[in-house]
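Have a look below at one chain only, the form predicted on its own, in structure tokens format.
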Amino acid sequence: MKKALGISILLVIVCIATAMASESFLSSYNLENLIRRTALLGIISIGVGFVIVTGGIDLSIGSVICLVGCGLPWLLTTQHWSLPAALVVSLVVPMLIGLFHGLIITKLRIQSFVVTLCGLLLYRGVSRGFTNDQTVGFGTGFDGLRALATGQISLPFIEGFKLPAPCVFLVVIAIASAVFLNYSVYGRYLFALGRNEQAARFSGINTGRMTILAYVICSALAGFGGLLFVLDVNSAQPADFGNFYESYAIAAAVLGGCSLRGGEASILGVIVGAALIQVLRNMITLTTNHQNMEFAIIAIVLLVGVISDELMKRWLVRRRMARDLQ
């Protein structure tokens, strides 16, 4: 909670600075787009948070997003599948990918970095293969489906502002994830696994099963996020759709309080971290002519956040040891 408070303060400072530098920042149009993109990033960031809690990492998120983002319109417009069948496949395939990752990591004892790095290359290659590396889109006739990502909800107490529909999905997923992690026995198992896998195994926890569960959740949310992303933009180019999204998601999770060592996570912090990433991107677009510096700026913010977190932890350990010696 302290980490979430700290990142929230930083988010407020960045928002104030951006609003002072650009009048467009507080416009209804910009805020609606900013909130929509934050919700979409927040969904996939929560997913990667589950894996980070276990002490693992998932680098394949962007390619899973690409696979679903290209696969759904391809199935609907090129293969002429029915909408229910295409949606079921688009949601089930990512879950099977997560199961595949989890089984390789737990049964063959291969590092998650290697497994998901191979997945990053594999799923994008598959996407480029079945689309012949061509842009795919929905065209016309799918406005009802696209409303899942582009729809807006009028708020009676705020004139001229409408809440983007993806926020509803984010709130539902965030509440369910927070309850699961903090109030269920399986959530406690995930935290125990991340803190000390061997101790968790000796205490009777099926660590392999919990690891698999984390990767299934992560890939499932990545697939759902990919579905919303492509519905938002209406088309996808397999060569670059979803590129670096895994980096944004991991950055949001780490900034929000997920320790890369495992055993620590805050769903609220992850959402705030996703918001900070999107506000930084928006700030670069609105206030500078150096959009090509986006990755460098976000990398610096992430590095500063991780270093600050590490220094704070070391200071707390020294303080605790000094207090115990007194």
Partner chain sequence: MKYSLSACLLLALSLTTGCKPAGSSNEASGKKKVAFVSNGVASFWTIAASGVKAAGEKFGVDAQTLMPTQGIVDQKRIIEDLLSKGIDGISVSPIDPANQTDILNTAAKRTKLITNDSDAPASERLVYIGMDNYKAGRLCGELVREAMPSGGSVMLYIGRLEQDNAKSRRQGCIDGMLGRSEDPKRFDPPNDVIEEAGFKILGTLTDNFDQAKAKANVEDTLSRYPEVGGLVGLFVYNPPLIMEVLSQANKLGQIKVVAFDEDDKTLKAIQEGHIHSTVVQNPYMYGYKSVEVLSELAKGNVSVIPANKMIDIPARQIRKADVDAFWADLKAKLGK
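Since the model is a prediction, treat every value here as computed from it, not as a measurement. Residue numbers count along the first chain shown, from 1.
Not on display, but discussed next: the form predicted in complex with its partner chain.
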- Message: Looking at 64-72, 51-59, 257-265, 34-42, which stretch has residues with any non-hydrogen atom within 4.5 Å of its partner chain in the model of the complex?
- Response: 34-42
- Message: Can you tell me whether S24 touches its partner chain? I mean in the model of the complex, with a 4.5 angstroms heavy atom cut-off.
- Response: yes
- Message: Taking its partner chain as it sits in the model of the complex, is T140 in contact with it (heavy atom to heavy atom, 4.5 Å or less)?
- Response: yes
- Query: Heavy atom to heavy atom, is I300 within 4.5 Å of its partner chain in the model of the complex?
  - Reply: no
- Message: Check D232 for me: does it contact its partner chain in the model of the complex (non-hydrogen atoms, 4.5 angstroms)?
- Response: yes
- Message: Counting any non-hydrogen atom inside 4.5 Å, which residue from Q237, S112, S90, S177 sits next to its partner chain in the model of the complex?
- Response: Q237
- Output the sequence-ordered list of residues from 274-288 with at least one heavy atom within 4.5 Å of its partner chain in the model of the complex. R281, N282, T285, L286, T287, T288
